[in-house]
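A lone chain, given as structure tokens: the form predicted alone.
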């Protein structure tokens, strides 16, 4: 493999590029904005890994003081509501420690305890303390910065920022390059293979923790080129986004340290909905907030971290202390108004465990991919880990050379543009009202009908982004309509029960 194009400058893209350099492959990394605009850079929470040594699992509520890969596997599958691909989960959890070590070699400085061992914390739905952090709550930046430095320093990696991957180029059913929009000019960039690492699509919804560049570009481009997509109905909403413009995320770790959720009457309500309370899986907490607001007529709930103390909050969460202060709150004394916000897409471009999609020459890693590790609901702090593990596996597959390409059975879907020009705000409103935390038949039909009446333009970057959001919205609504059960992040009022046994994936491809 002589030349590989990697689309995306977050952890998945940069780590894949650096791993490809081990086989002396020349890599071009295309970043839509700057390398610091990725979801990785903004991640506050940590990265989950079961590590060897005496520090592993310290503080575990199991009382054993030890953790295990099997426990991490079990927690991931439980959070995924029985919808995970277990072989992929085992790969994720068993290969984690090696990649944490590799990050250390690249200059990543994880937080440590007073005796010098790696500090590990606990987050929702984890049975043990296995979450590594950097700077308390600046893990994303702490991981991204060394990766960016390493990529810029490597003469075999060409980084092109402000380069929008508008479409994939194909010949005879195989990906041959990318159509790139840069500084208003369009050009074709050929490659021996393309790796999608373009992140998610939080821009589908009105409230999102994602950076503005998250407009579903990778899923949309892969669909147009003919690749299969899977499980697009499963979109995770983070329970605690600060209810101010921009909706900055209040990390899961704050609840892991003891913060609680209160309603407008000052009542702690989460234990009414789940025995795990604030530490229930994310889909449960987010949906419980939505249901509680609907039942009480409230507009927001509040996160109470005051019991943690000012010194501890400042030391453990320095970034969040600054963020909440800039928003006008002193969280050592004030309750924080929070709302669930679109956070992470469990579905995406279908891949095997080597990152290979159904389209020869195209790989996908990170949030844009559906590997099966997250199932119907992602376990906290598994996202950064997925980018590492499957980025490295994709790089290894590319370095190994030609192999039998995977195929997958998929339902053909026909999508056609309507007469009206799509407006991003209108798309977000329809999706937020009918295809978000709580869904039902009539709302999904309304959404599908409205989305079908819009068309998209393909001129400027903004127009192409709107086109991608519209396409991803149509696909999500179609997948949600097909799943007639409630599972993980997909909750249907008209089908509130989860069918017995593991869920079957919703796999779609374009009929055209």
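Numbering follows the first chain given and starts at 1. Keep in mind that what you see is a predicted model, and the values were worked out from it rather than measured.
Another form exists, predicted in complex with a small molecule; not displayed. Remarks below refer to it.
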Exactly one listed stretch (73 to 81, 87 to 95, 111 to 119, 383 to 391) reaches within 4.5 angstroms of the small molecule in the predicted complex by non-hydrogen atoms, and it is 383 to 391
Taking 11, 33 and 209 together, does each of them reach the small molecule in the predicted complex with some heavy atom inside 4.5 Å? yes
Note: exactly one of 447, 480, 471, 43 sits with a heavy atom within 4.5 Å of the small molecule in the predicted complex, namely 43
Heavy atom within 4.5 Å of the small molecule in the predicted complex - residue from 151, 376, 427, 249: 249
Touches the small molecule in the predicted complex: residue 213 (any heavy atom, 4.5 Å): yes
Even though the small molecule is not shown here, does residue 165 get within 4.5 Å of it in the predicted complex, heavy atoms only? yes
I'd like to check something about residue 344: if you look in the predicted complex, is any of its heavy atoms closer than or equal to 4.5 Å to a heavy atom of the small molecule? yes
Although the small molecule is absent from this view, report whether residue 7 comes within 4.5 Å of it in the predicted complex, heavy atoms only. yes
